[in-house]
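Below, in structure tokens: the form predicted alone, a single chain.
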């Protein structure tokens, strides 16, 4: 084996081991979801079945946890994305000397362990609602939304900050010089530019909320989410129904990613076609202007 083939073989071996380590558990889980055996196992394969998928809608605790996780994820998106956008816009407005301190403060929740955030959320809102006689706000769903949003908003802010670094301030200044208000500049110039970041931040916020466990397990109180239900089931002994649920979640995630990519490429194609039409119209106009009368 020559000096060129050996590094390539080692690289191929490394990539194979990496993808096996990454996707191996998913493949095992997928096989156990379709195995008729009552215990999650790959071998021996007792027979193909969809029984475990059919059992999922009849599992009340699992469906309750899934519904709560979807509700919490949607509310976290509604709260975290505007907070992250506001934080990113403010970062570009503060003085350069204070920017480092501002960045440290706003990103610190990301570096804080989720257990501490969950416990702090429960203690703070328990005391606050007790002092203000608003005990009805001391709710597990609401506390989980607030606790998760405290650090997920920081993730959203980082996404918006990265996008804003590519924004040309001259566009906003030109619009202001032409008589546009700041609200119009934000709605018609800045927000369309930030649309990819808004979609990315919303997807990240929902997925981060949906899979969160450390903060949720303390802030959810007596309620349940999908992660807390699954954690309890695993401690009691897993079943192929959990593999079936995981396969369903992965399938939905893959379909969502494929749909997003198809829509993105369709939008890029439509935009490219519009640019070609505009260039062709401009070329014809220039040719018409160049022809003698």
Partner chain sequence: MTAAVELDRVSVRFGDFTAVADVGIDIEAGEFFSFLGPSGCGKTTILRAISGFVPLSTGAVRIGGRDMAGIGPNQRPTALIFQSLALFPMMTVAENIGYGLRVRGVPRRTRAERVARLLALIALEGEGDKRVEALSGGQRQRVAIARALAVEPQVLLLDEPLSALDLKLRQHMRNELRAIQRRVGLTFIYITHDQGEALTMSDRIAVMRAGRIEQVGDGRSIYEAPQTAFVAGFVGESNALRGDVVQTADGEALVETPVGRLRGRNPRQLQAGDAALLFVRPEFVQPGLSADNECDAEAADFTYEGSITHVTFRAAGGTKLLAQIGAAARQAVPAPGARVRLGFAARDAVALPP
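Note that the structure is predicted; figures quoted are calculated from it, not measured. Positions refer to the first chain, counted from 1.
What follows is about the form predicted in complex with the partner chain, which we do not show.
A.B. asks: From the list 78, 137, 174, 199, which entry has a heavy atom within 4.5 Å of the partner chain in the predicted complex?
C.D. replies: Result of the distance check: 174.
A.B. asks: Is it true that 50, 57 and 141, all three, sit within 4.5 Å of the partner chain in the predicted complex, judged by heavy atoms?
C.D. replies: No: none of 50, 57 and 141 comes within 4.5 Å of the partner chain in the predicted complex.
A.B. asks: Against the partner chain in the predicted complex, would residue 189 count as a contact residue? Criterion: heavy atoms within 4.5 Å.
C.D. replies: Although the partner chain is absent here, residue 189 would touch it in the predicted complex, with heavy atoms inside 4.5 Å.
A.B. asks: Is there a non-hydrogen atom of residue 281 within 4.5 angstroms of a non-hydrogen atom of the partner chain in the predicted complex?
C.D. replies: Output for residue 281 is yes: heavy atoms within 4.5 Å of the partner chain.
A.B. asks: So in the predicted complex, does any heavy atom of residue 180 sit within 4.5 Å of the partner chain?
C.D. replies: So residue 180 counts as contacting the partner chain.
A.B. asks: When the contact criterion is heavy atoms within 4.5 Å, does residue 9 count as touching the partner chain in the predicted complex?
C.D. replies: Although the partner chain is absent here, residue 9 would stay clear of it in the predicted complex, with no heavy atoms inside 4.5 Å.
A.B. asks: Counting only non-hydrogen atoms and a 4.5 Å cut-off, give the residues of 201-229 close to the partner chain in the predicted complex.
C.D. replies: The stretch does not touch the partner at all.
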